[in-house]
Ligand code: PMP
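The data below hold one chain only, encoded as structure tokens and taken in the form predicted on its own.
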Amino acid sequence: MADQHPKYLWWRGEQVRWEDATVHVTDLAWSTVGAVFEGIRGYWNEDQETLFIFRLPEHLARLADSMKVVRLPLAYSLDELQSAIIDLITANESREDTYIRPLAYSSRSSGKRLSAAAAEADLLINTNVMPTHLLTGYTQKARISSWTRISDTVMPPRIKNISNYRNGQLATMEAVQDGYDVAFLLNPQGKVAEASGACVAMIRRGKLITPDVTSGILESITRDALLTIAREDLGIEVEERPVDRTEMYLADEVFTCGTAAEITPVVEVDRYQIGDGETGPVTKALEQKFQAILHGTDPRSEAWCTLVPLRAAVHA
């Protein structure tokens, strides 16, 4: 995309030009404290001239769940939001791998107390280019953070509340300053919860093991898809349960997963080499299968992807 930003975004029920979507600076004071969002990705298939949006209905359903938990009213149906996203992708001619972010926040918050409940909510949908890193050989090194993952008695970790992400940001800054790429957070029970902004999984003794959804993790749509692929397509036994940090040191393979992370192999945890220090065979198989699904070349694409054709105009 030639411009720094797309031509259009969707805001307050209509498609508007990027430069026209403005709010007063005082509205920013408290509006995003309880804001929730979704990270959704579309993958461009040049041969088919089609963008494949991964599990769009599931992402919008999770947005509605997040809004319910933080008590933000949703004024649109999920079908309306899906249509808005498809129309926005078409208007922006998004012929590249694309990140789609619906963001719901309390409106008209200027001058209000922080403790006041949101009576109204605005909803913004914007897009930006985000190339895939699947099958590129990209890997990360992780450390167990000194920061503890938020718990369900503090803030709801299972939803995508913007405030939750400060927890992961602090852990990431610590990890990067110490020479690592990513942080893994333990929950208050001392078990592995998730990475900073992604879920965690490992392969050990032929099983795919991952923290369960009551371990303080986001209810990840990507994680759910990968567990299905592992069970049904690769024939791998899956365990969802509490995970000790030292189990990760002894794992044959470790990876993170999520909308932004996709599948990211982790080759070290706390300076313990994982396996042979390279991307493992199960992780590679998951990457290959996932890549094909996301780009519309696997049978699962039909069930999991929403197609947006963006064929170039033919001029006489």
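Note that the structure is a prediction, hence the values are computed from the model and not measured. One rule holds for the numbers: they count along the sequence shown, beginning at 1.
Another form exists, predicted together with the named molecule; not displayed. Remarks below refer to it.
- Only one of 92, 106, 98, 222 comes within 4.5 Å of the named molecule in the predicted complex through a heavy atom, and that residue is 222.
- 218 is the sole member of 81, 218, 227, 142 with a non-hydrogen atom lying within 4.5 angstroms of the named molecule in the predicted complex.
- Residue 211 falls outside the set of residues with a heavy atom inside 4.5 Å of the named molecule in the predicted complex.
- Residue contact with the named molecule in the predicted complex: residue 76 places no heavy atom within 4.5 Å of it.
- Looking at residue 171, you'd find every heavy atom of it more than 4.5 angstroms from the named molecule in the predicted complex.
- Among heavy atoms of residue 254, none comes within 4.5 Å of the named molecule in the predicted complex.
- In short, of 228-236, 124-132, 190-198, 172-180 it is 190-198 that has heavy atoms within 4.5 Å of the named molecule in the predicted complex.
- Heavy atoms closer than or equal to 4.5 Å to the named molecule in the predicted complex belong, across 51-70, to the residues 59, 62, ordered by sequence position.
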